[in-house]
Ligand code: G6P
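Only one chain is included here, represented as structure tokens and corresponding to the form predicted alone.
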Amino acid sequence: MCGIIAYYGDELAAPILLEGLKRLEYRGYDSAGIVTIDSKSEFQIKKDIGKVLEIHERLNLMDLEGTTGIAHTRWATHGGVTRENAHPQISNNNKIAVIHNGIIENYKELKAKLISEGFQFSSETDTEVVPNLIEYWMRIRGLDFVHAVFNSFQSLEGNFALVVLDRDSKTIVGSKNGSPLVLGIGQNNDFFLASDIPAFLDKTKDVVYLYDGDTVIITGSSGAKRSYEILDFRTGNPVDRLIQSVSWDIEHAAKGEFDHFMLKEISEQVETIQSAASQDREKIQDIIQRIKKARGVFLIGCGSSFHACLSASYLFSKLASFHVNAVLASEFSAYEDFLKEDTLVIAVTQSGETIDVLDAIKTAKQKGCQIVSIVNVMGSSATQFADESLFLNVGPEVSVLSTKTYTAQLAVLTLLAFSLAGKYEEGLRRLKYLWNIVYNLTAESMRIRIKQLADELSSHDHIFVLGRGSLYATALEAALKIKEVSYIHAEAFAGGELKHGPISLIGKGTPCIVFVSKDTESKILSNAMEVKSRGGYLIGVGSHKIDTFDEFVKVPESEELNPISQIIPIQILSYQLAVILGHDPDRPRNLAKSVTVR
């Protein structure tokens, strides 16, 4: 959720840090700040509440001096949205600066101890204990900076990514324990630390993916004298991590000709579905063997990822006559008594850092289960815990809402289902062919048509969505998309459940989106007629227009692949509703791209 960016090099730090903060805005935040070390070895710090550019307009973040600095976008957890609670947080002696993602669960005990030693606190955050704890180990206990940092980190409980800047030695230390942090290595012997690669992608493609416990120490003065080393803060032992090169560039993380990232990423699905389907066949077969040998298979995810899991559970049953359990990751602990060493857990997560998914994975690991992750971010925590991983291969998704990563997840799960049925080639062929349908669904003509529909729906307070089978999961995803970006209440139901209570909500003119496929048409149309007879306004999504519908969005029939194709017009509808209503579709209120706190 919070965004971290740090720079250590020869260039002015402030412009690099400011650009990094802008690229991390998609993570969700309510305040931001930067601290640098100037030529007099003093901290220069500016921070405030609001958007990065708003803060920059008020405070001019570019005039901070120095070539070393750290910066942060904060999502409030402990303490309200105030300037005092914004990061960076500074030690009492003004020599240690800290930025932080995650939660320090034992901060109250640590804070009480520090207060008893004479320390004062100016914020309500859990983060402020860290710089003061480091100061305690240095000033009172006589340790050097690095040892003081290690002692401090060892006393912390909870998940965190921390970056610490020492004013006197100009050393940066970054550490990861359950929250994302990646090291970037520049060509000019400069270094970056960030929550996500796009924050520094314009400077370097060479990265080191950090694992839990990894602590990077960056030190030196200039040029060739600068260096880094990685130690495990729990043991102090050196850690060897490979330098890897990312395959995508900054253009993939830029809006280009589009007004918003969300629309750009919807349009990219022509390519991204194909990329997601382009998996190593040997790895697919390895996972299929794991599925066949397992006694119990769980698909877990949160939000859109869970909807992909639920949709896939229907597909596994229909195509391969194989039962899988689709479970919300946040509820997975309720199933832990069913977990055995021969259980397989398939974790589906865009970022690989969602805390509920990681908690579920850890629960499964403790029971000895095998773990497969389906994830978009190489080197993320989910991949580090997994026995095997499949990557979505869709590049960065900047908009908070999942669009291209959702359909990519469906594509990978669909390929697994076909492969489990012994139909890998057929599944791959059909996914590759889908680009024809997706191309037309994302074309400008479709966007214009959907905008007209959005104009009609934008004045409504409630929208209902119906589906059956795997399209019930699509209905859930459609309702989620509409409400999270337009703030219109949208609710999804399995078609057969409408008469068991929800139909009482239908009145004259109530909009209801109905997903129709060849195998569900007769039953779902019966449910649609129940809505129509009570004055509801029907919007059909399917392969052919039916007289019952007041509005119709044509999506060619693609059978088992309908959940991929039929969600795309609703992604566009959600986007258009947000724009019409004056909301930012890339950064909806109260939402973050990666939910890294419980």
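The numbering used is simple: start at 1 and walk along the sequence shown. The structure displayed is predicted, hence computed values, not measured ones.
Not pictured, yet referred to below: the form predicted together with the named molecule.
Only one of 394-402, 508-516, 138-146, 491-499 lies within 4.5 Å of the named molecule in the predicted complex by heavy atoms, and it is 394-402.
With the partner removed from view, the residue among Gln350, Gln269, Thr414, Ser195 that has a non-hydrogen atom within 4.5 Å of the named molecule in the predicted complex turns out to be Gln350. For the options Asn177, Ser304, Thr127, Ser313, the residue carrying a heavy atom within 4.5 angstroms of the named molecule in the predicted complex is Ser304. The named molecule in the predicted complex is approached by Gln409, whose closest heavy atom lies within 4.5 angstroms of it.
Although the partner is absent here, Thr354 lies within 4.5 Å of the named molecule in the predicted complex, judged by heavy atoms.
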